[in-house]
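In structure tokens, the next block holds one chain alone, the form predicted alone.
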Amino acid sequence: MADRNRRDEEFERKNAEARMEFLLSLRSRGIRDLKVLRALEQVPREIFVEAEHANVAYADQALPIDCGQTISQPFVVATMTEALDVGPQHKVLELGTGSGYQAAILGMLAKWVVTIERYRTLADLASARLRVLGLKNVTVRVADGSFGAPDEAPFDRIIVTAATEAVPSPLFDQLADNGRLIAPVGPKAGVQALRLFTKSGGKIDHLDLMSVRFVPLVEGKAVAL
């Protein structure tokens, strides 16, 4: 038991050091929004990765999760979150729950978050993790994310965490005026542009932030998983 306690203490110490290095790295790479950095500090990334990857939870790399999906690298999560400029009055829609990590970050910042996942397995795991964190303002749905969540619209912020060649039109319809939408846009099998859309007076403008690689956005709800 004593050996196990020492191993646990050693893991926690190394994990705390890795988290601090991770936050310092984000700041050095240009992430300046203190509320985003605070949310990233408060959400324990290690509970959102597979057990065998817990020792590299804070490394700046994407990691595999169930159903052939990935958890995005921390810098991309931070960049997307900062670009959305989420406030405590905002309702947010996320497409592609995955591990639930991005939803947890958003839950720390927003009034309400609706996150959609096509795989039941991932949705259930994410829901359990969000419950552990006590994030009661995040709702996980199993559905086809390309249709959004019209019953909850309009959304002040929308985030798409899977690659799409064109943002599904229902999402722009569900975006509130003066709202922001961010998505990786481009070929599903190659490099995409992380694109920030803004809506004002019914007009959509966009700005490309950087190049990224995401798993593809797939229409429909998965049947078996």
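A quick note: this is a predicted structure, and the numbers were derived from the prediction, not measured. Numbers follow the displayed sequence, beginning with 1.
Only in words, not in the display: the form predicted in complex with ligand SAH, which the text now covers.
J.: Between A78, L122, L130, L93, only one gets a heavy atom within 4.5 angstroms of ligand SAH in the predicted complex; which residue is that?
T.: Here the answer is residue option L122.
J.: Please pick, from A153, A83, A143, L135, the one residue with any non-hydrogen atom lying within 4.5 angstroms of ligand SAH in the predicted complex.
T.: The residue from A153, A83, A143, L135 that makes the contact is A143.
J.: What stretch, of 174-182, 52-60, 34-42, 154-162, brings heavy atoms to within 4.5 Å of ligand SAH in the predicted complex?
T.: Only one stretch passes the 4.5 Å heavy-atom test: 154-162.
J.: I'd like to know whether P74 contacts ligand SAH in the predicted complex, with contact meaning heavy atoms within 4.5 angstroms.
T.: Flag for P74 set to no.
J.: Hey, in the predicted complex, is L217 touching ligand SAH, heavy atoms inside 4.5 Å?
T.: Looking in the predicted complex, residue contacts with ligand SAH include L217, since a heavy atom lies within 4.5 Å.
J.: Using a 4.5 Å heavy atom cut-off, state whether I116 contacts ligand SAH in the predicted complex.
T.: Within the cut-off, so yes.
J.: Should G107 be classed as touching ligand SAH in the predicted complex when contacts are defined as heavy atoms within 4.5 Å?
T.: No - in the predicted complex, heavy atoms of G107 and ligand SAH never come within 4.5 Å of each other.
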